[in-house]
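Taking the form predicted alone, here's one chain by itself in structure tokens.
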């Protein structure tokens, strides 16, 4: 692990251990066609067959962020997500443990729950009423023969890992074990903020007209942030830039950032909060970057003037002027934690050119809507920013679908985009030979 950006050299192609399907061969050819430091070839954004192959090789084999424990606060509460053709049900069982199951009945395969979220006493299949307890055991199956052992017909489990209130699932039988390494690194950053005991103040789903990688790439740079006027009230546009990369027009903002950064570092040190940026984006399966960063204006929250949006702090932090704690985890998460609230962004591919972005705002469990916060004010900046980003992603999707598209070079300010694309290519190459 390094505090510096990882090397961005492409991973050399490995010889497949067995014959590849035509789709996987095409996927490798597309990766081989990429020029290092350039955007991906068009088929990786537009070809439905390649999209299906990457769902199988990447999304169904890596740890994927599914939501927060605040979304399943009580026994029986559940959320579902679709990863390609696979549906996963994440719920809190009667012993208050978070579990995940394939959302498929063990009888004849009917989908068990069809809503995105809800609450159950038991999990009852709507087809023939086979009934499962919240820990997945089959507890009732009408007219099941006496020679069939119900214990052999429990729901099929999915690996789930909770890290300080953040829930990740992995569909692989043998998931990457680096999730424990990542947990050890990031848990101290998030523990003081008590995300695990927060409550959901708002959640908005937005389907963007673009490939999921374009959504993630768009998030990894602020090169386009002139298109986010609300966000720039508090988000320093020089985020991610080295000193020599700061243009003259941003110099005044950068000077404010340096001063605010030094002050925030002192406040965090006084409270024992970890501050160094840790970036490990390419080489590990669960690539991540965690950082604390100051915010502009009042420096408290994502409002137009930087003042707090919630009148209660979230967790054990002293004061509201605590900037933001950020996490990016691949393939599908970024989030921000301010002193007064947290906002998470989960990305799920819906189709080769459709992507669901689920945004969730968390506040202290005792915060009262209408007293401690106003939902419209709390969500305003990111509602606007998400809509602006959706427009950018749609523009990019239309462009990469044009026959005239030729992958172009990333600028210095897009190093994290290059890191994400390099991570994607490395994981595909690893998995394609397994």
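Numbering follows the first chain given and starts at 1. Note that the structure is predicted; figures quoted are calculated from it, not measured.
The following text describes the form predicted together with a further copy of the same chain, which does not appear among the structures shown.
- With the partner omitted from this view, the residue of 137, 304, 107, 354 that lies near a further copy of the same chain in the model of the complex is 107 [heavy atom within 4.5 Å].
- 395 is the sole member of 33, 375, 365, 395 with a non-hydrogen atom within 4.5 Å of a further copy of the same chain in the model of the complex.
- This chain is displayed without a further copy of the same chain, yet in the model of the complex the stretch 119-127 from 119-127, 293-301, 271-279, 174-182 comes within 4.5 Å of it by heavy atoms.
- Of the heavy atoms in residue 221, some are within 4.5 Å of a further copy of the same chain in the model of the complex.
- Proximity of residue 404 to a further copy of the same chain in the model of the complex falls within the 4.5 Å heavy atom cutoff.
- a further copy of the same chain is not shown here, but in the model of the complex it comes within 4.5 Å of a heavy atom of residue 247.
- Using a 4.5 Å cutoff between non-hydrogen atoms, residue 411 counts as a contact of a further copy of the same chain in the model of the complex.
- Residues 128, 130, 141, 142, 143, 144, 145, 146, 148, 153, 156 are the members of 128-161 with a non-hydrogen atom no more than 4.5 angstroms from a further copy of the same chain in the model of the complex.
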